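In the block that follows, a single chain appears as structure tokens, in the form predicted alone.
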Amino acid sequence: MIKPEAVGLSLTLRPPYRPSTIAINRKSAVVVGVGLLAALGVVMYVVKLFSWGDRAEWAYPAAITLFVLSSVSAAPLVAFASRMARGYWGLPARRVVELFALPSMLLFALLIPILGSLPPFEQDGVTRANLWFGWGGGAPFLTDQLAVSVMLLAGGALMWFAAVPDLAGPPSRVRAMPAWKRLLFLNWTGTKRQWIVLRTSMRWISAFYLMMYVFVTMILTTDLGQSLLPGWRSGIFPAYHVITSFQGAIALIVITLFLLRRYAPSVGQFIGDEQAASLGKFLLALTLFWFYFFWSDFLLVWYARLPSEVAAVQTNVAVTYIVPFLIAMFGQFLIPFVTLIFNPIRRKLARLTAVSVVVLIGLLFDRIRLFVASMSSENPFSHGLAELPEPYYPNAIDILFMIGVVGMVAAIYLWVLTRIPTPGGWEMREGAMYRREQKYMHAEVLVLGKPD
């Protein structure tokens, strides 16, 4: 077991530890750079809207949107996993992770033009492959956006409920608030009943968020992926997308924790190799899952040898988009596997961060080879590809759009860090009560309490 940071074990109830928001110098070069990238993202989004073209022009925006879904939106689920498993290593990271629910809100706006560019289900008496079985209730635009909005609301509620005990302040302050503000702060006074309701609500909301995330992933990967590329048939692909999303989320969290440890002392004092050791295990396991799901899907095509399915695999794996696939394979499997099997790399936050950067790069190219191939296909109404298509390369606007989206995510996350105290104060205080070091024979051991 990796020893936790000493400052985390020294927290007491009297005087109680209360986290603060992170002070960010708006004039620093990094913050100005992030702001400019965010502004670039807004400009490119508007440019794309006013220069509305065919479906292929939204191919790379679709890839970066699914990348955000596969990393930023999946991150809050790590806090859920830590709570359900009583993983006290995750105490300093839970609030950091939950704050990703706010930049995830970008998904709703990004998906509007992408879903609007999709072709109808039926054209000239021919029905293309789809998930909706002829249901005309606004699918896929209204159905997908409704599912995404419910998922985002669940993520926002989880973030807010976890932060209310630290934001509300003493009961006298809450009682003095207007009625609408007391409702917003859940009329929080810290009674025993409120704590029970809060904990129960967070468990149920987290489970609901997980359920909605899997559902949203299934419908989006089908509507923006398999239904548009003729011959692409896979019952494993939605599961593959979910697993690789968890891998991307872990990588994003590791990078974020490393940056906070280095540049935000109020948070970084609680973050160290204890978090790296646990997240590194998850990252290694998900790396192995990448190969398992990819190979399981590939075997079906290998043995069946249906021409339409072979052509689809040749498009997004072996021929047309082989370069993005190789980058994805090296970034998501080969490099992480070869490095993370060694404890000195997996248990050190700085070294794990370097591997996580490689994983995120691989994830981005994985989404490019999957969804650019689908969004740029010429005839989604055919049953198979007559010939392999040429690669659809990004133009300058596509590249700037993807960079801008990353900038918007970073800007929103920095903004929320300045508004919500980090890490979670009430969980850190509780964790300090359940963890202490004790001498056992000739060694110092960490004793963990499991109250429930």
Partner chain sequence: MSARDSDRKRELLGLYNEPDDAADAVSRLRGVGFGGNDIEIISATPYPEGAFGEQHAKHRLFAFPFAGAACGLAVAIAWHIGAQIALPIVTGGKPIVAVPAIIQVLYEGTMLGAVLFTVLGVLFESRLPDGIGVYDDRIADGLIGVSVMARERRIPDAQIALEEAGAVDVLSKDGSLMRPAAASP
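Residue numbers count along the first chain shown, from 1. Fair warning: this is a prediction, and the values are worked out from it, not measured in the lab.
The next section is about a form of this same protein that is not shown, the form predicted in complex with its partner chain.
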- Note on the structure: Given 207-215, 231-239, 360-368, 254-262, the stretch touching its partner chain in the model of the complex at heavy atoms within 4.5 Å is 207-215
- Can Gly190 be called a contact residue for its partner chain in the model of the complex at 4.5 Å between heavy atoms? yes
- in the model of the complex, does Met433 have a heavy atom within 4.5 Å of its partner chain? yes
- Query: With the cut-off set at 4.5 Å between non-hydrogen atoms, does Trp195 touch its partner chain in the model of the complex?
  - Reply: yes
- Message: Although the partner isn't part of this model, could you tell me whether Gly116 comes within 4.5 Å of its partner chain in the model of the complex, counting any heavy atom of the residue?
- Response: no
- Has each of Gly137, Thr143 and Leu186 got a heavy atom lying within 4.5 angstroms of its partner chain in the model of the complex? yes
- Contact with its partner chain in the model of the complex, heavy atom within 4.5 Å, among Ile335, Leu284, Ala147, Val313 goes to Ala147
- Within 160-184, the residues having any heavy atom within 4.5 Å of its partner chain in the model of the complex are Phe161, Pro170, Pro171, Ser172, Arg175, Ala179, Arg182, Leu183
